[in-house]
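Encoded as structure tokens, the following chain is the form predicted on its own, with no partner shown.
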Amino acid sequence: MKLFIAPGACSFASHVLVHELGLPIEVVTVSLTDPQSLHKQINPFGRVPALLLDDGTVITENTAILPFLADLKPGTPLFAPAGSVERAQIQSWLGYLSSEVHTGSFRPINRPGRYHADVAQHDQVRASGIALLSQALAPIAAHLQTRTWLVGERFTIADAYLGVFLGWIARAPGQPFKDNTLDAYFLRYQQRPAVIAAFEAEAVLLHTDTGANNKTSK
């Protein structure tokens, strides 16, 4: 199997899971700006992450790839059994993070051109995204005030996904959001060996050849 990622993108969540589970998956780094990039040749949506199975089947989107990878290791504490309440709760967080945090908030912040053709209006679009992000993060912070992780007091695939967005905030100019609960959570996230391994692999690629295809890490 091959997992196509881009350094610093939302595919970091799936990259982390490969390390968490110790899966024998080749991690292929691609460029998001190159129209000939490998992931665009196999993924009809042209996005990362994309998971290419050995039989040629392609799975896209973190919300599908994360559960699929976890199910490759039955009984892993990173997910929960089919039909269980915990599994539904984990999937609920995946859906919320994808819709309200990623698409609903970060997309207008990072890609205002999708929402208004007039460049002069882009700052206003970004401001709207920042306001939406603040609203989206509020219930997450409240939930974590009395919890170590999102579900079941253990790190799960939902946490692998949430950490991506807290990392984006941490790198944002001016640190637009400060919340002690989320800061403490992100520190725990950063200290996980799998997160460190994925981050170090992507940092090396960012500083060596940011436009390259076929760069791999294991």
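For every residue, the number given is its place in the sequence shown, counted from 1. From a predicted model like this one, the values you see are computed outputs, not experimental measurements.
FYI, the form predicted together with a small molecule isn't displayed, but the following is about it.
Open item on the list: With the distance limit set at 4.5 angstroms and only heavy atoms considered, check whether Glu61, Ser98 and Trp168 all reach the small molecule in the predicted bound form.
Closed with: The answer is yes; Glu61, Ser98 and Trp168 each reach the small molecule.
- [ ] Would you please decide whether His102 lies within 4.5 angstroms of the small molecule in the predicted bound form, comparing each non-hydrogen atom pair?
- [x] Yes.
Open item on the list: Taking the small molecule as it sits in the predicted bound form, is His116 near enough to touch it, meaning that at least one heavy atom pair lies within 4.5 angstroms?
Closed with: No, no contact at 4.5 Å.
Task: 4.5 Å heavy atom contact, Ala194 and the small molecule in the predicted bound form - done: So Ala194 does not count as contacting the small molecule.
TODO: May I ask you to state whether Val48 is within 4.5 Å of the small molecule in the predicted bound form, using heavy atom distances?
DONE: Judged by the heavy-atom cut-off of 4.5 Å, Val48 is in contact with the small molecule in the predicted bound form.
Task: Listed range touching the small molecule, judged in the predicted bound form by heavy atoms within 4.5 Å, from 108-116, 123-131, 142-150, 67-75 - done: Correct option: 108-116.
TODO: Name the single residue among Ile25, Leu21, Ala9, Ala201 that comes within 4.5 Å of the small molecule in the predicted bound form, judging by heavy atoms.
DONE: Flagged contact: Ala9.
- [ ] State the residue from Leu182, Leu32, Leu52, Leu38 whose non-hydrogen atoms include one within 4.5 Å of the small molecule in the predicted bound form.
- [x] Comparing distances to the small molecule in the predicted bound form, the residue within 4.5 Å is Leu32.
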